[in-house]
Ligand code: GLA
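Form predicted on its own, single chain, as structure tokens, below.
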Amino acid sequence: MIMKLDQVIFSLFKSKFGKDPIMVIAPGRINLIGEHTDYNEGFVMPAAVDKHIFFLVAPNQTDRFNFISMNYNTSLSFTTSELQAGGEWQHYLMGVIDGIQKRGHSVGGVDCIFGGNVPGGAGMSSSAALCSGFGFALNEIFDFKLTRLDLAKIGQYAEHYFVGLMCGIMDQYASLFGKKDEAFILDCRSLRHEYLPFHFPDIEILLVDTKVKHTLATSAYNARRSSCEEGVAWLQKSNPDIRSLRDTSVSDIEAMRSHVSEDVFTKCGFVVKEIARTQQAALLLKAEDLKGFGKLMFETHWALSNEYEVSCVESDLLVEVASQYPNEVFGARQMGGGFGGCIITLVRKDAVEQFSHKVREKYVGTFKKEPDFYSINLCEGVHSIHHD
């Protein structure tokens, strides 16, 4: 963590607010495969990771919410009458408060210190960790009896209506439902999941950060969703039972080619194939066929780059380099919404150092900037911890 979670932080909270808080840990997430399928009611394969946001929170018996952000080195205070949309960290938290209120709960004021080490803009869903962790803390303090699924939907609501990003539910779900040493396949229609053990002791999950910071709400993310919705609308004219691209096949997409724009045709085709790839990947993971699994990761990357057009030259270079080491790297691809952030690679542990050196050398030589590297472990979802 950016700051060690020990007596120092608790002492800081007590000195600022004069009381003892609860502590909540909210992890970021990775997605092994299944990109841009969640808002199309498809399948995804995320996992919670050991990059977290921590929250120290206590009720203050007023209507005021007082925040200190350790990462931004700033403080902010507001009441429920001052909730508003925007693109800063406080708007995510405001959205969570509003989402809980929309469910009929009265949210009292709290004091909160938060911080962490989920890299912003790197595709590990720092925003989902922020919403999920804060919602979990409020639920604990005020005993709203909200389920984890409720909290995931509230986090998604905050992103939709307070930040303007029409995301699917994968990120919030992954942060809340993660399990140590396991990924899971999530059916984004039924919102049911199946855990998939990821026990490969010789393999490192290594993220390489392009340092290209995406801002999805102001990027082409929402445009991609609109393209999918346009395709579904056309398909529904002949088949009203189609609810989403989840209900279609490659032949359905081919049939609409001359009736929609090339962009809509290509984007819808990517999603249908990615849903199938993700289901196949789950079977390969169960069979512990990491080679086959990694092959699908590479396929997904180049489809994200060439068909869905959410990669960037930096990510493409990193995946190209990874593909040159077939004995050391099992799979690599752009991770997250795209437009920058990290690529995720599955690398033999005994080759991580050499591989990282080669990647850094090539990246710096090409782009004149350093990438960051994060070795990731799969961990438990949002939880509270007790401080003695």
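Every value quoted in this text rests on a predicted model; they were computed, and no experiment measured them. All residue numbers refer to positions in the sequence shown, first residue = 1.
Heads up, the form predicted together with this ligand isn't pictured, but that's what we're talking about next.
- Residues with any non-hydrogen atom within 4.5 angstroms of this ligand in the predicted complex fall in just one of 355 to 363, 65 to 73, 45 to 53, 335 to 343: 335 to 343.
- Although the partner is absent from this view, Ile205 stays clear of this ligand in the predicted complex, with no non-hydrogen atom inside 4.5 angstroms.
- For the chain shown alone, Cys167 is a contact residue for this ligand in the predicted complex, at least one non-hydrogen atom being within 4.5 angstroms.
- Within this chain, Gly34 lines the site of this ligand in the predicted complex, having a heavy atom no more than 4.5 Å away.
- This ligand in the predicted complex comes within 4.5 Å of a heavy atom belonging to Tyr221.
- Residues of 102 to 119 placing a heavy atom within 4.5 Å of this ligand in the predicted complex: none.
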